[in-house]
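Encoded as structure tokens, the following chain is the form predicted alone, with no partner shown.
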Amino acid sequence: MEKVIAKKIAAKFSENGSHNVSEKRLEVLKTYKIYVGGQFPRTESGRYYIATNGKGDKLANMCLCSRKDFRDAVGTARSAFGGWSARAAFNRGQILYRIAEMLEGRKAQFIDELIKQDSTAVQAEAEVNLAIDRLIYYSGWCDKFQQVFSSVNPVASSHFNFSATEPTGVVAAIAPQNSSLIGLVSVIAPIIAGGNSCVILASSSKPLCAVTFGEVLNSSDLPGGVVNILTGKVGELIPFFADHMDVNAAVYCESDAANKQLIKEKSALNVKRVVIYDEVKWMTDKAQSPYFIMDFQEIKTTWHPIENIGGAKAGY
């Protein structure tokens, strides 16, 4: 009897001592943490959900963020806003370009994650390439949109009158839920290009690329706290995105009428700006424009008194 048991055990292992490949291996799912303040903490609630693809395959363990996670992320974004907005616009452009470089270096991983989330190989490569190009596009606008959208205004009095752009502040965004990477990048890039900081909730059904993109941000020169990426359920977190009193603008990228109404109503509490991107096709050229940067800019007008030389008499 003992000899039979020994033979069965030995049959499970190859000659070099490794497990027999015919035995089905239980995959160890990666636990994707959130990205807050330049670090990768777990959700304070200790909750998680299992991300699956269209076939029902289990892909990873994802943090199920809570209200406190969002509150902590907003505090971090507020702390980072002052230093980020004060940076030279050219330097912000350099950092966005560096993010694109780091994303280029990890293309294979992003393509693999997109394929796991139901994209074809061709679609996955096209999405990653476009995300890289979009970051480069906005890096070029960092030190140029101010010249395009600022102005010297004609006035009737003896003044120079200037209108200039300045960042709104902390932006809370709900990323497109049917897009894993390109939607996320297309929302984040114009926000930070204009000098804002942000807290963004990734797609709950396709979250893998979002947290991996946090790893890209962490290895670039972007200061911690400028971008904070959470994972979880829109229905649970959207009220907090809309009514937090230290958030200056709220972004929603879906077409759910009830959620749009909720954001508009709760945002009125501190008169935060509401931006709805419910008709944007993120894989098209129309999804990138300096006007997306201007969605998160305020216009500051300055009056400077001058001597009215043009109206002086000949004896001046």
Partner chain sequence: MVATKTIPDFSLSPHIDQVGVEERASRFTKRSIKNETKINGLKLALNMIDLTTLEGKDTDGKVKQLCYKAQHLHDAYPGLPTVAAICVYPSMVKVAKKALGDSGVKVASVSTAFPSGQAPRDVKIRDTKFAVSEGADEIDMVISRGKFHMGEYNFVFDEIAAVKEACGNARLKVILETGELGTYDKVRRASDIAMYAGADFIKTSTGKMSPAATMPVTLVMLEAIRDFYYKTGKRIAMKPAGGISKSKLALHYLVMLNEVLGEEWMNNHWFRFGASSLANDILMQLMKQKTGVYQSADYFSLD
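Numbering follows the first chain given and starts at 1. This structure is a prediction, so every number in the text was calculated from the model and none was measured.
Unshown form predicted together with its partner chain; subsequent notes refer to it.
Between R47, R42, K58, R67, only one gets a heavy atom within 4.5 angstroms of its partner chain in the predicted complex; which residue is that?
Selected option: R67.
Among K144, R71, R106, K233, which has at least one heavy atom within 4.5 Å of its partner chain in the predicted complex?
Of K144, R71, R106, K233, the residue with a heavy atom within 4.5 Å of its partner chain in the predicted complex is R71.
Tell me whether D243, D246 and L269, taken together, all sit within 4.5 Å of its partner chain in the predicted complex, counting heavy atoms only.
Judged in the predicted complex, D243, D246 and L269 all sit within 4.5 Å of its partner chain.
Among 255 to 263, 24 to 32, 269 to 277, 48 to 56, which stretch sits within 4.5 Å of its partner chain in the predicted complex, heavy atoms only?
This holds for exactly one stretch, 269 to 277.
May I ask you to list the residues of 183 to 200 that have any heavy atom within 4.5 angstroms of its partner chain in the predicted complex, in sequence order?
Heavy-atom contacts to its partner chain in the predicted complex: nothing from 183 to 200.
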